[in-house]
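Shown here is one chain on its own, the form predicted alone, set out as structure tokens.
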Amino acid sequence: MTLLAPVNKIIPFSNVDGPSNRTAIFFQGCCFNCLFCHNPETINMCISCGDCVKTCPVQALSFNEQGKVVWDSNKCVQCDTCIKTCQHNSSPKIKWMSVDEVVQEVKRTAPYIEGITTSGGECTLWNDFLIELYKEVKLLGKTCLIDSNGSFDFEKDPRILEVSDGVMLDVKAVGEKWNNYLIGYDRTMILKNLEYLLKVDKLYEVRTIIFPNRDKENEKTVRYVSNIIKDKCFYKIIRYRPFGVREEYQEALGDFTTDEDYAQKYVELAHSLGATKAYII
């Protein structure tokens, strides 16, 4: 049986999704509902309600005989009207691709990239697919990184770590109430993965977003992570940016970018606690 997975998009060249130049593959579907998500259209699978079919200006969307919305990429002009129309945090512009089809896309850029990064949504929802994909990409002499929200139990099923080069892990918050408010998901597995991935030397990077005017929560998270990782992996301190964030959450989280000097003090805090590879973006 051919493995298939829903691919939202493939960015041939990215220098923000891991070291060097990489091909970034974004899968559809996520078990979190982060209020600050920059691509909320990747959260849910399309339910074929048809609202986007009515609003597409170039008729690139239609219903098939089974009543499912189908996307004609040849007609599409990438105006994103469908995504703006969708009320379900989804997108009709998904391709169910086989491992071989994804590998063929990677081969197009293989001479110019160091490797691939799989993201989402949450790519580990398609764990079996990733394992087979990584095996093939490794044959091309490329590295494979996992961009994960931390919901997958890597210790219980370590197969993916055996064929990958590491994980870029989001630790969004460690305060229970603040975490639950931000992402709508318990933090227990995330914090478990933080320690386990470090233990097995598969933690490439941790990422934490610094929100404006949230001193207590920002400091709590940075202190917690820094005390665990020390200098053993990179720590990316990310300034909150409202671009792409759903309008209904911008008022609560902030409709402005976190000040650079404000975020820099958390980098300095991380350094003082031994996380010497902390940096700001």
Partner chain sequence: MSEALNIIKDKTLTYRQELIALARLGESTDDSLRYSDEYYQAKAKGALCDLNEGVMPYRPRYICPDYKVLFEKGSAFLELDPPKDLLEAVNALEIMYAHVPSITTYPVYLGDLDKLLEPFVLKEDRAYAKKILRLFLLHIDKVLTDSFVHADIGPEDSVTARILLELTEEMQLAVPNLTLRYDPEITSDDFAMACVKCMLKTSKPSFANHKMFVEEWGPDYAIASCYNGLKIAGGGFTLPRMRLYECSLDATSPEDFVNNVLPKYVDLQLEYMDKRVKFIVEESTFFTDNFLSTEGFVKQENFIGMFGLVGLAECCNHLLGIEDKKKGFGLNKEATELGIKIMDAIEKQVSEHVAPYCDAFGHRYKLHAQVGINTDGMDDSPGTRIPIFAEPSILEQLEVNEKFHKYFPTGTGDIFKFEETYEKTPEAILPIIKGSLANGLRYFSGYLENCDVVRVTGYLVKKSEIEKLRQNKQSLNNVTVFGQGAQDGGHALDRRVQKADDIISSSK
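Numbering follows the first chain given and starts at 1. The structure displayed is predicted, hence computed values, not measured ones.
Below, we turn to the form predicted together with the partner chain, even though it does not appear here.
Although the partner is absent here, Leu273 lies well away from the partner chain in the predicted complex, with no heavy atom inside 4.5 Å. Interface membership of Ala278, defined by any non-hydrogen atom within 4.5 Å of the partner chain in the predicted complex, is ruled out. When the partner chain is considered in the predicted complex, Pro242 lines it closely, a heavy atom lying within 4.5 Å.
Proximity of Glu247 to the partner chain in the predicted complex falls within the 4.5 Å heavy atom cutoff.
The partner is absent here; in the predicted complex, the one residue of Lys54, Lys216, Lys68, His38 having a heavy atom within 4.5 Å of the partner chain is His38. Interface residue among Thr85, Asn89, Asn127, Thr109, judged by heavy atoms within 4.5 Å of the partner chain in the predicted complex: Thr109. Looking at 159-167, 191-199, 173-181, 72-80, the stretch with residues near the partner chain in the predicted complex, meaning non-hydrogen atoms within 4.5 angstroms, turns out to be 72-80. Taking a 4.5 Å heavy atom cutoff to the partner chain in the predicted complex, the one contacting residue in 129-159 is Asp147.
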